[in-house]
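Only one chain comes next, encoded as structure tokens, the form predicted alone.
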Amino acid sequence: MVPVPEDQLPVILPTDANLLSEGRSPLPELASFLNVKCPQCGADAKRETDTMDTFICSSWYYHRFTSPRCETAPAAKEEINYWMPVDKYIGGIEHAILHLLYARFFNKFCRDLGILTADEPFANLLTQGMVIKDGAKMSKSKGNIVDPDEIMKKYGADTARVFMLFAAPPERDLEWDDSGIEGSHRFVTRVHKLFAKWIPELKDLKPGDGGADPELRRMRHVTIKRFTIDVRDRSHFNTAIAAGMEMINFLADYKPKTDADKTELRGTLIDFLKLLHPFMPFVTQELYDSFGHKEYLTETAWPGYVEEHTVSSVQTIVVQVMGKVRAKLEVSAGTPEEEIKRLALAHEKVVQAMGGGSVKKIIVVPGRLVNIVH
């Protein structure tokens, strides 16, 4: 093996190679490229046909993505410095010692050349878990894969997405269970039915000035908060979907009493579609269109929440007598401690449990419980 002389570099790949249907490299079968003279002795020789590994391409493509139209360098300096580093890298565990290693090398190499300033290529890493089926890692080589096309034909793409995102947190292994698909499909169906019920009545309502049901408002802001934290901060998509299921349960039984309630409900449903859109994009876009909107949901802003609206105006206080639960109180948030004590002592079940005994001590845990010792 001898190197190509420097004055013959770079070796330009031929443009007349016939790409083979099997996916193999055409270079070993291209005589005009393969057969050369040895640069040292002049005898017949064969050119190396195993060209750059795929890791060479995959280790710097994200740099090119920041500056795809630059024709004078791998990337324009002002563009690559604006976009790099990548905010979040999501990949399988096998990449940790392969792609990640080479990508970091390339980034630091480009940094040393002055092409970019970012010291690291990726600011955050999320390592995905494996998909397990029948006790083994799902892989094409083992033949134990599930064809998502079959799921989509029977249930639709939204169900397939919800099922895979709900089955486990992304960093954990996902145990494939076909029965879970039915549950995900029921959730998607419930979402569609709920909106189909309310869209005709709420479609043309205009935004109101407040005065709506505080519990509906609380559920709206609590759900937005949970989705925001789970999706943006934690990447726990399964718990975000769980929050969506709780919201569906609440809305399925909700009955607006005033026009202000209906206006709040319309805003809640619109926000709910935006939250669900990353998980079930097709159904949510269709429903959003039915409200009369023309733009894509991906072009709308993510809903915001107000922290003070996530706190319930009513608190449930557990009342214990000698450590045993005897009653529950529903009180307004911020009710003074002395008033809570008075209500607890006056409750008929508490009076019965005490049997006429005198109170020795009352322990109050704010917002949670009252324990009466006698």
Partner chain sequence: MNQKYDFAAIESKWRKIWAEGKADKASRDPARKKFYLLEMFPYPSGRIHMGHVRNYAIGDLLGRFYRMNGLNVLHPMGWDAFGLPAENAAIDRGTHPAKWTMQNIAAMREQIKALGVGYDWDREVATCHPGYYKWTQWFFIQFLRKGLAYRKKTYVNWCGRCHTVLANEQVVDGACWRCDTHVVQKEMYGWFLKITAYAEELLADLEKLAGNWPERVVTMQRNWIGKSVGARVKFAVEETGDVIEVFTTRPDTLFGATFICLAPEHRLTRELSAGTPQAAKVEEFLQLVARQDTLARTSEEAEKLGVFTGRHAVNPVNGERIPVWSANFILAEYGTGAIMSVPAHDARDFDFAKKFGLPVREVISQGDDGPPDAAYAGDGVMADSGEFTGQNNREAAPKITEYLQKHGAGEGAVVYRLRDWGISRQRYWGAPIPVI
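Residue numbers count along the first chain shown, from 1. We call the rigid core the largest set of C-alpha positions that still match within 1.5 Å between the two forms. Not measured: the values here are computed from a predicted model.
The same protein has a further form, the form predicted in complex with its partner chain, not shown here; the description that follows concerns it.
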(message) Is Val359 near its partner chain? Define near as a heavy atom within 4.5 Å, in the predicted bound form.
(response) no
(message) When the contact criterion is heavy atoms within 4.5 Å, does Val4 count as touching its partner chain in the predicted bound form?
(response) yes
(request) Using a 4.5 Å heavy atom cut-off, state whether Leu101 contacts its partner chain in the predicted bound form. (result) yes
(request) Answer for Gly129 alone: is it within 4.5 Å of its partner chain in the predicted bound form, judged on heavy atom distances? (result) yes
(request) May I ask you to choose, among His309, Arg64, Lys341, His347, the residue with a heavy atom within 4.5 Å of its partner chain in the predicted bound form? (result) Arg64
(request) Counting non-hydrogen atoms within 4.5 angstroms of its partner chain in the predicted bound form, say which of Asp259, Glu182, Asp119, Asp177 makes the cut. (result) Asp119
(message) Checking a candidate spot here: are Met138, Met164 and Trp302 all in contact with its partner chain in the predicted bound form (at least one heavy atom each within 4.5 Å)?
(response) yes
(request) Mind telling me which stretch in 215-223, 259-267, 78-86, 244-252 gets its heavy atoms within 4.5 Å of its partner chain in the predicted bound form? (result) 78-86
(request) Enumerate the residues of 92-114 that have a non-hydrogen atom within 4.5 Å of its partner chain in the predicted bound form, in sequence order, or give none. (result) Gly92, Ile93, His95, Ala96, Ile97, Leu98, His99, Leu100, Leu101, Tyr102, Arg104, Phe105, Phe106, Lys108, Phe109, Cys110, Arg111, Asp112, Leu113
(message) If I superpose the two forms on their rigid core, does the C-alpha of Ala76 end up displaced by 2 Å or more between this form and the one not shown?
(response) yes
